[in-house]
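Starting off, we have a lone chain in the form predicted on its own, written out as structure tokens.
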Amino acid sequence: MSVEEKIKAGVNLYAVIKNIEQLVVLDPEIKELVKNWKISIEFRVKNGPVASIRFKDGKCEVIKGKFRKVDVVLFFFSEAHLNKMFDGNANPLPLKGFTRLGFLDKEFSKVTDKLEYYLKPTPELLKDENYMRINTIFTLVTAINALPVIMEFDPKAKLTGSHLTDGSLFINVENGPSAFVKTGPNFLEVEEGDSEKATCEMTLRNINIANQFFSGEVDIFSALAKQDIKINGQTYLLDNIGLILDRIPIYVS
């Protein structure tokens, strides 16, 4: 199995589907759809990554690994098999929950279709303020949660990771999403939300600037000069994490 397939599978399971937690909150149609769902779904790759999704009380939780009890188990023979499913070119092997296959095909697919809708913007879609906000949130969630996977397996990112020092990075979009990254030599731990203290902080002035920045459309030096982006603290930490972030487009479809 190629390193690229391994990383792409990890990104799909640990970063891309993580956005479903926010999707059920931010999209009114999906919020209404899942409000009475009570089901857990496990994605299991042979000798590879495992992730699980649980819907309950109108909320969604996505974790690495397994829940103690699960209703549906979807098995994949390899990372490539999983990636083909995410690309719409393959189906999993159901190991448990055969009676729920109709639900997966008709109901759960509406969730994944809407997730794809927000993760694959067009210039026209981004003109809608609400769409742009959700796309920005999802882009940040995907990027942050992809960091540990890419650092573990990507040769260039692994080298950068070996030079990380003990510290933390707080990324904050004013009136928007935020994320916190703890670092150390060959170590990255991420979480969404606020932080009271970080050794490096990057603040983006608004959701528009954030969307352009995460899409690679912002010149960082110009943005700093205009104070569209502010950086405080240990800037070298951001430089190193930025080198790992630059590897993400290789593995995100």
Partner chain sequence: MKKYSYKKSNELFERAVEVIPNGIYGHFSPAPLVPVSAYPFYIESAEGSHFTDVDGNEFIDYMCGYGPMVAGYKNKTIDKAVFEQYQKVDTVTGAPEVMVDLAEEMVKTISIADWAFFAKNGNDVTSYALMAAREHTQRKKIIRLKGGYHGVHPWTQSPDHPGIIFDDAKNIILGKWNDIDDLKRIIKEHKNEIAGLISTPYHHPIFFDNEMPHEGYWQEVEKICRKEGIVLIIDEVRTGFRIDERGANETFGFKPDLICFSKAMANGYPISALVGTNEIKSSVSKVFYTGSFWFSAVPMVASLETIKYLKANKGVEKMHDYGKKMEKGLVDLANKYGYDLKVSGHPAMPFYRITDDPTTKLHQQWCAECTLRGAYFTSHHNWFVSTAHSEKDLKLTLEIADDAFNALKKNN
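Computed from a predicted structure; not experimentally measured. Numbering follows the first chain given and starts at 1.
What comes next is about the form predicted in complex with the partner chain, which is not displayed.
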| query | finding |
| --- | --- |
| Candidate stretches 70 to 78, 173 to 181, 151 to 159, 123 to 131 - the one whose heavy atoms come within 4.5 Å of the partner chain in the predicted bound form | 151 to 159 |
| I39: touches the partner chain in the predicted bound form, heavy atom cutoff 4.5 angstroms | no |
| Contact flag, E191 vs the partner chain in the predicted bound form, heavy atom cut 4.5 Å | no |
| D219: touches the partner chain in the predicted bound form, heavy atom cutoff 4.5 angstroms | yes |
| Non-hydrogen atom contact K106 with the partner chain in the predicted bound form at 4.5 angstroms | no |
| T199, N186, S215, N208 - the one with a heavy atom within 4.5 Å of the partner chain in the predicted bound form | T199 |
| Any residue of 220 to 234 that, in the predicted bound form, places a heavy atom within 4.5 Å of the partner chain | F221, S222, L224, A225, K226, Q227, I231, N232, G233, Q234 |
